[in-house]
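To begin, one chain is listed below as structure tokens, in the form predicted alone.
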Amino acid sequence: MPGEPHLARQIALIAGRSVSRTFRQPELIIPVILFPLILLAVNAAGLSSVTQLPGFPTDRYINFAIVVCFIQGALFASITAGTELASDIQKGFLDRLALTPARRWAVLVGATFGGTSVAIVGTVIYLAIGLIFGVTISTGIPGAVLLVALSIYVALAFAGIGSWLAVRTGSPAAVQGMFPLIFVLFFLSTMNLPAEFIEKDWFRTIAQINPISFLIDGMRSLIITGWDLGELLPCIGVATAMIVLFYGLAARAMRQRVQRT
């Protein structure tokens, strides 16, 4: 369409507003960053003895647990993204924006970038704190860079869930109410123990097929195992599938919402 801004320009304009709006509200940022660190401290203190089990992949539990911060930070940031997007819907901003030439994907990705940017800040903080407390990355500096990149990619994937729930419900309270159910998946994953160390058969089976486990194990491999494509590729694949699925569902829901107005 003549005069229509380029897709990247559309995303940048909407994302700039989202980031500015989010960072003007510290109450949306501080808990998102602190809560994963608190859980890390609790788990590292309470589960450190499991490293003495024969065959445990590392002799320092913080090496095993640090990536959970990245995943949890991405999830919590997506709550922020979804809540802010739902607030925009309540105020009519997204409906008006959907009537412009801006593409739906640009609107959705840009509108959730405030929450994603919180996850980016959190990722850098988690990595810095982990290194201070002795986390060793077996893949070195390139692995650390890829770890940050994967964390951002996963944050974008989780923001897609927030985006879909926001457009589907149009209610910040509904978005916040759905995420405790998603958080349960973390406890049914390899968050605290490798799958082979989970004794309950039903728990181990769920953990092995849980998409969260693929994300955690792929990122964790960069720290503990090394360059393991058998872990990295499923991690990237799951994150990509989440992006395609949930942003696609969100775009469809937005189209239906516009048609009703």
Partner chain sequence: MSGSTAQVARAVLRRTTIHTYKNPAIIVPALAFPLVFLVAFAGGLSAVSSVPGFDFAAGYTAFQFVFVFLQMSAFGGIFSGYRLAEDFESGFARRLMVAAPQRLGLIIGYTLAGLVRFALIGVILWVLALATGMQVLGGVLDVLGIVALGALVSAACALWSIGLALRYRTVDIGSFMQTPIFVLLFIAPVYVPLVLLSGWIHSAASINPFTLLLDAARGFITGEPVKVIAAFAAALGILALMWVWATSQLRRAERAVG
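Positions refer to the first chain, counted from 1. From a predicted model like this one, the values you see are computed outputs, not experimental measurements.
The form predicted in complex with its partner chain exists for this protein as well; it is not shown, and the discussion that follows is about that form.
Using a 4.5 angstroms heavy atom cutoff to its partner chain in the model of the complex, none of R60, A65 and I129 count as contacting. At the 4.5 Å threshold, heavy atoms of G230 stay clear of its partner chain in the model of the complex, well away from it. Contact annotation for I236: none of its heavy atoms lies within 4.5 Å of its partner chain in the model of the complex.
None of the heavy atoms of V124 is located within 4.5 Å of its partner chain in the model of the complex. Proximity of G140 to its partner chain in the model of the complex falls outside the 4.5 Å heavy atom cutoff. Shown here without its partner chain, the chain has F35, I38, L39 in 23-40 lying with a heavy atom within 4.5 Å of that partner in the model of the complex.
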